[in-house]
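Just the one chain here, laid out as structure tokens, in the form predicted on its own.
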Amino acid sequence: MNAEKKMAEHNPFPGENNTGHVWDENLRELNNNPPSWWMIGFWASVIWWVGYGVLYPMWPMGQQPTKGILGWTQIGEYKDGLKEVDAVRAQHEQKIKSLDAAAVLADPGLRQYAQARGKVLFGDYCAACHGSGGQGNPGYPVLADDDWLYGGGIAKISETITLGRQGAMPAHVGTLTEQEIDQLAHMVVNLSQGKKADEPALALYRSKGCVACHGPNGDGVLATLPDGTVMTVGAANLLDGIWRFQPGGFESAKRTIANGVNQVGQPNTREAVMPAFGQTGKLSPDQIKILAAYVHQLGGGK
């Protein structure tokens, strides 16, 4: 006699629909059918699963699944969504083609559109260097303040994006003594802290040609035109506390003075290069207008 038959003959709950498996005197395994609602749900899910496989791509067939009678694909849905987005953009993009960046910024509707569209362009092409919000990454300028090396007007920003920028400062390690480099570095630090430079340092600043780029006042301004346009070659403003190359301070100033910026053959030279997004074709003229308007509003360009 096998074990199951023996258990069935000694079932302490005769007449009950159980399997005869009893544990701990009263714990048993019943042999009831599932509830009707559960069976309905089960077969409905099976029917749905089969129907889905007929309508949509699902069944594996070698390297590709079956296409489904609806012909739906993810890439198709993506393209349909893209067409909807392009249709919404078209009315704004058409206007932008006939305007310059300043006119885009002056139109409230286009400015709002440029800020939304420009955020995407900024994330794709600018955020890696300038930070997602224009806060700047180590070694790259901050765009979220009002300190602009080449000018923060909308026209200048467009020019910068289109043509790129490449800083240039001579290495003075061979033309200045170590004492003179220290003297100028101390002057730069004092100016950044709002202090006046002493006369010997100013005389050295003028005689060594620093004034040609940083201006007579050290603010990087060479001249201001009657219409308010500031003429600059992109030299740093020495009067504020903003340091182009971090961490700033005496040693940082000393290194820049000694080794210059973008100087070939100087291993410790500073590197300051921005790509030309217009000349290289990475951005279209319309994209540059939009991006310039977005960057302008980040720091309240002037």
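Don't overthink the numbering: it's just position in the shown sequence, from 1. This is a predicted model, so every value here is computed, not measured.
Separately, the form predicted in complex with a small molecule exists; it is not shown, and the next lines address it.
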query	finding
Triplet 113, 134 and 163 all within 4.5 Å of the small molecule in the predicted bound form via a heavy atom	no
The small molecule contact at residue 234 in the predicted bound form, heavy atom, 4.5 Å	yes
Exercise: residue 56 in contact with the small molecule in the predicted bound form, heavy atom 4.5 Å	no
Residue contact check: residue 273 to the small molecule in the predicted bound form, 4.5 Å heavy atom	yes
Distance check, residue 139 to the small molecule in the predicted bound form, heavy atom within 4.5 Å	yes
Of 230, 144, 176, 202, the one that lies within 4.5 Å of the small molecule in the predicted bound form (heavy atoms)	176
The single option of 172, 119, 95, 186 touching the small molecule in the predicted bound form, heavy atom within 4.5 Å	172
Interface segment, criterion being heavy atoms within 4.5 Å of the small molecule in the predicted bound form, picked from 87 to 95, 104 to 112, 70 to 78, 208 to 216	208 to 216
